[in-house]
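Just one chain is shown here, as structure tokens, and it is the form predicted on its own.
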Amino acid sequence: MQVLKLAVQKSGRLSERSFQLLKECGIKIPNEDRKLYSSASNFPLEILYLRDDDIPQYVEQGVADIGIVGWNEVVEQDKNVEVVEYLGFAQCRLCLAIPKDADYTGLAYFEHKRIATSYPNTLKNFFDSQGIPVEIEKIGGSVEIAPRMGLADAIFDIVSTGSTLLMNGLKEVYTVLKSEAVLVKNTYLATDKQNILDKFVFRIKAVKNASENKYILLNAPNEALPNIIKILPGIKSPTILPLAETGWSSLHSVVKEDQFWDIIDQLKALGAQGILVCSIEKMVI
């Protein structure tokens, strides 16, 4: 029986969220030390534990069939892999930052400046596209301390909240790339492995749909139903059930997480009562 080989980051926030996704997809991974690899007990999936910056290369070479990695690493490594699905977690951005007291005047500020980064290829491609010459100092870690140590005039690094920049006397001035976790695959994946991947992606999409939507139940006067249905179309259309009280109905539907509060205000204005909102565990469309 064929097994799909999945490369994941050995440790760190992206690793933990990747295993949470596998769990939500109903895939059981033995709880053991992540030394090299492990196998799922209920799905044809083998896990390889790697450094995140090695994952694109291993997937390109076919050592792993698929991988979960940050989009920023896919761009930086520039390997021949195909993005199958954007996963919506581990969101961050690759930004240019300078000393907080510096007078930033736009991208021209960086002309002939030394910029420290762990992402030299992405940085070079960006400034080449802008026609701005810069000096790039490649640093493996703790990029944010480079200006303080006199190694660089600015930095180009991953930013999530920006708190690390502030702690090191820096300010974010330009976002070059927005990133999140992505699922990538080898471009020459065999048909039988592609079939396993299709099943895996089906589960991922069901989990993503559930996380992006809420199940909503409410009571409303019948005369308000036409307007409420316009607000809550549901997957196809809402479910409407009559209540024991004449002239009232119960309506069940699905609402997008990011639209929830605006929609609640509209429903209340139309006379909706007893509004219940529930999380969805899985959602197959």
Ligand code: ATP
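Given the structure is predicted, the values throughout are model-derived calculations rather than measurements. One-based numbering along the sequence shown.
We do not show the form predicted together with adenosine-5'-triphosphate, though everything after this point is about it.
Proximity to adenosine-5'-triphosphate in the predicted complex, taken as heavy atoms within 4.5 Å, picks out 87 to 95 from the listed stretches 87 to 95, 143 to 151, 130 to 138, 195 to 203. adenosine-5'-triphosphate in the predicted complex comes within 4.5 Å of no heavy atom belonging to Asn186. In the predicted complex, adenosine-5'-triphosphate stays beyond 4.5 Å of every heavy atom belonging to Glu257.
Not displayed here, adenosine-5'-triphosphate is approached by Asp52 to within 4.5 Å at the level of heavy atoms in the predicted complex. The closest non-hydrogen atom of Ser18 lies beyond 4.5 Å of adenosine-5'-triphosphate in the predicted complex. Only one of Asn121, Asn80, Asn209, Ser160 lies close to adenosine-5'-triphosphate in the predicted complex, with a heavy atom inside 4.5 Å, and it is Ser160. Distance criterion of 4.5 Å from any heavy atom to adenosine-5'-triphosphate in the predicted complex singles out Leu14 from the list Leu270, Leu14, Leu22, Ile264. Counting a residue when any of its non-hydrogen atoms is within 4.5 Å of adenosine-5'-triphosphate in the predicted complex, the hits in 63 to 82 run Gly70, Asn72, Glu73.
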